[in-house]
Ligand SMILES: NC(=O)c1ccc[n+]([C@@H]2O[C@H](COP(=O)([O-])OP(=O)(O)OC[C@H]3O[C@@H](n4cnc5c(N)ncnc54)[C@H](OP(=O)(O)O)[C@@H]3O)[C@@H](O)[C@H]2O)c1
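Let's start with one chain on its own, the form predicted alone, as structure tokens.
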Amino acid sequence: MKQRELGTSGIEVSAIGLGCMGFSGSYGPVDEQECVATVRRALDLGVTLFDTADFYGPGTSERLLGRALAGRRDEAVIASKTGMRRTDEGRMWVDGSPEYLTSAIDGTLERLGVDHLDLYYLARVSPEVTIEESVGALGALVAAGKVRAIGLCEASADTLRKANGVHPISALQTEYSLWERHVEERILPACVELEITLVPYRPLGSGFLTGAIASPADLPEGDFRRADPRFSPENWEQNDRIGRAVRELARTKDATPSQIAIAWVLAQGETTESIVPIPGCKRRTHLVDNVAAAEVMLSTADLAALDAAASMGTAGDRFPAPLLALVDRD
């Protein structure tokens, strides 16, 4: 597998990582043994970047990932996120205070069973705390040896510049795929300018682009996508125009739709080597399929066909309103 550097940190990772949010049950029931086997198979295939968060579960994903990496810590680059909290009623809120950020790391290290993180993200930018304060606290964790590098999630280009002035930002994690391209106008150019690696989550559109979901009714109970506006019945048909283009190209390339969708994301960073997608999965079969996307080459004509299919945009907001309100937008 090709390697990419996270910003200017000197930390090298595989060109495709593994997102572990699904380990927490967000996509329906979880087979813990299969999740552990998926992580270990990923290591065998050359995947080195594993992404989790303290609020996935909460804590469930970190514990499972730690269990899976036991005895193989030196083969992995572990990234986790913090700064998102839940009320007892389940409502999410942002806490970017230095007090919380500096205390949360210890729980993460304990759940993962490690003495340091390779990459620690601020999950969302707090409207009540300056980004300079939050990043200063994360930088102090680097100085303390608990974290090797820091990143931001869902941050605007302006916020990236402010943050990078306090401490080098190695990675920006945000949604990016054929059906979500908000980063292209300002955020991706800022990442290239500041030498920050873009780490796209949901490169498969939360599974929409895989062709595995025939209708919203296929989603299991407890799956967060049941509340996703883009999976709603009224938006399904317009959004599946992009899905159909992916499936049609997959047939001509002797590839799967998942591989085409991930290959498209990889192609956007081919010249700068600045993009490392982290498709999420919790089964080995999906993992092997996703990793093989690194070998799929898309021609200029292929990319143009996919861009044409996506030119009308995607119907529906990319998050339910309460979560969309937490995004730091340009």
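One-based numbering along the sequence shown. Because the structure is a prediction, the values reported are computed rather than measured.
The discussion below concerns the form predicted in complex with the named molecule, not included here.
- Remark: H116 does not count among the residues lining the named molecule in the predicted bound form, judged by a heavy atom distance of 4.5 Å or less.
- Although the partner is absent from this view, C191 stays clear of the named molecule in the predicted bound form, with no non-hydrogen atom inside 4.5 angstroms.
- Using a 4.5 angstroms limit between non-hydrogen atoms, V13 is distant from the named molecule in the predicted bound form.
- The named molecule in the predicted bound form comes within 4.5 Å of a heavy atom belonging to D289.
- The listed set G207, G243, G151, G96 contains one residue whose heavy atoms approach the named molecule in the predicted bound form to within 4.5 Å, identified as G207.
- Residue in contact with the named molecule in the predicted bound form (any heavy atom within 4.5 Å), chosen from T82, Q173, S126, T159: Q173.
- Here the chain stands alone, but in the predicted bound form its contact with the named molecule, taken as any heavy atom within 4.5 Å, falls in 279-287 among 297-305, 279-287, 64-72, 264-272.
- Shown here without the named molecule, the chain has only S258 in 248-268 lying with a heavy atom within 4.5 Å of that partner in the predicted bound form.
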